[in-house]
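Okay, so we've got the same protein chain twice, two forms, each given alone as structure tokens, structure 1 and structure 2.
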Structure 1
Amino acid sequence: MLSASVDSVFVHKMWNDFELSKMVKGGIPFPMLSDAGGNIGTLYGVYNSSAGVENRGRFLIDPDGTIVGYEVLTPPVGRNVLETIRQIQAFQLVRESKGTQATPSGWRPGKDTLKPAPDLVGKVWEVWSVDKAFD
């Protein structure tokens, strides 16, 4: 886990010491990066140069260094951490299966995966139903 904003490491320290450590016991356990000038945010497409800040951009990077997913929100709406964790679990399962399994809409750990193969074409309706996206 890495977090990044345009704030300096000194401000990160103050935020951790005076506020975040009151929400998270022992303080923030991961590096809080300082991207002054938004150079890295620009590389990732999340830097808003007129406001001088970075949007809420969240990138999932796999062990090969490939971006497998991202989500970008404007400032006033926070992220759903559980959804991020679910996506990581799904990507890990697919990777461990070496691509023999896929996770359909609504998948959570413990729910059925799909096994993509020629004989599944046109037969997804037999093994997956719309209610599984919502249960």
Structure 2
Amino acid sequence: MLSASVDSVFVHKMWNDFELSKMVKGGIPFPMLSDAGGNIGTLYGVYNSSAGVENRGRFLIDPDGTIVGYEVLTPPVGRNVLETIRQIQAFQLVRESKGTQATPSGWRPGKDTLKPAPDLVGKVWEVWSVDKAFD
């Protein structure tokens, strides 16, 4: 896991030392990259060259280098780190199962998964409901 922004490594250090470390014990446990020229942001489609800033993007990339999930938000809206972690866990479970399991909306570790099969089509509601996600 890593993060990137157009801010310098010095701004990242100040942000971590004076803000993030007060919210996350020990500060952020992953590297923060400086994308001063917006090159990374441009590749991922989140860099606004006229304003010189990047929208907040979250990209989940599997071990094969494939983007399996992403979310892009404009600066006024924050992200949900717990949801990101849940999605990473779901992608890991599906990958480890070699596609024999699927995680329904709201799935959490330890909760029921779905077994993809042709006879499941049109019957997901019989084996899973939104209520199960919040049990």
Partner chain sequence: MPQEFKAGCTRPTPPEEAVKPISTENTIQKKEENAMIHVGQKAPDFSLPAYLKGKFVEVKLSEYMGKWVVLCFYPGDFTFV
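Everything numeric here is computed off the predicted structure, so don't read it as measured data. Along the sequence of structure 1, residues get numbers from 1 upward. Under this definition, the rigid core comprises the largest set of C-alpha atoms superposing within 1.5 Å between the forms.
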Self-check item: Matching structure (the form predicted in complex with the partner chain), either 1 or 2
Solution: 1
Exercise. Inspect the rigid-core superposition and answer whether the C-alpha of L114 shifts by 2 angstroms or more between structures 1 and 2.
Key: no
Quiz prompt | Rigid-core frame, C-alpha of G27, shift of 2 angstroms or more between structures 1 and 2 | solution = yes
Quiz prompt | Backbone CA shift between structures 1 and 2, F18, after core fitting (angstrom) | solution = 4.4
